[in-house]
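Take a look at this single chain, the form predicted alone, given in C-alpha cells.
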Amino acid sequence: MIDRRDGVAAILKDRPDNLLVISGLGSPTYDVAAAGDVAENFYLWGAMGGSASMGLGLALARPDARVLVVTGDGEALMGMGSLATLGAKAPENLAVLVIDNEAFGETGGQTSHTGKTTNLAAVALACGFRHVLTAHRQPDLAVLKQVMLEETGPVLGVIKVGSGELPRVLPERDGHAIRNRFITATTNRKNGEKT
C-alpha cells in the first residue's frame, strides 16, 4: 500500500504550469491541500459524486490546460455513471486520480465496493478511457504520474492506500473565494501571466 499523502504529493510535485486540479469531498481535498495549496486547485466541499463531471466541464472549456481530478473511491463509486460520460466525450486533456482506501472514510470507514468486487480501473477501461493504471507500491508512482500528466486522455489512475485518518489540512472553505481565486489564476495562466 502507498501512503495517500505521499502518493498525491508525488503526482503533484513540480506540477506543470498548465495543470488545473479539482479535488473531491473530504480526504482528497486534504491530500491536495497538503501537497500545496495553490490557486489552480479547486476544492469541492459539498458536491459528493460531482468531481469527475466538474473536471469534464473544465477540460472541455479549457483544452489548453491539463485537468486532473483527485477523488476517493467512495465518490468515484457514487458518480460511476460519470465515467461513462467521460469516456464518451473523450477529452484528451482529462485525468482522474482515485485515492482508493477501499473504505467509506467520511461515514465511518465501512468497506467500500472496491474492497469487495469493484475494480474502478476496469470500469474506466470498459467506459472507453484510453489509459488506466493502478499503483500498489511507491515505485509505481513514477509511471502513474506520467500517465496522469502526459498521456492522451481520458485517463484514470488508482492509488491503493491504507485506511485510517490523517490530520486534516483544511484549505479555504468559502466557495466564492475558491471560485474567484481559481478563475483569476486560470485566466491569468491562459493569458500567459504568472499568478
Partner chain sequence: MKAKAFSFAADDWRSGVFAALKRQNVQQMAYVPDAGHASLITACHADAEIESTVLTTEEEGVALLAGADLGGQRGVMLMQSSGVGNCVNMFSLLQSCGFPFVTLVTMRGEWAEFNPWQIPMGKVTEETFKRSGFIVYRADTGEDAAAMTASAVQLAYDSNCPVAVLLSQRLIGAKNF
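Positions refer to the first chain, counted from 1. Since this is a predicted model, take the numbers as computed values, not measurements.
The following text describes the form predicted together with the partner chain, which does not appear among the structures shown.
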Classify K89 as contacting or not contacting the partner chain in the predicted bound form by the rule of any non-hydrogen atom within 4.5 angstroms, answering yes or no.
yes
Would G26 count as a contact of the partner chain in the predicted bound form, using a 4.5 angstroms cut-off between non-hydrogen atoms?
no
So, T118 and the partner chain: in the predicted bound form, are they within 4.5 Å at any heavy atom pair?
no
S53 versus the partner chain, in the predicted bound form: is there a non-hydrogen atom within 4.5 Å?
yes
Contact stretch among 152-160, 136-144, 28-36, 41-49 - heavy atom within 4.5 Å of the partner chain in the predicted bound form
41-49
Heavy atom within 4.5 Å of the partner chain in the predicted bound form: which of A126, L170, A61, L166?
A61
For the heavy atom contacts within 4.5 Å of the partner chain in the predicted bound form, list the residues of 80-99 involved, in sequence order.
G81, S82, A84, T85, K89
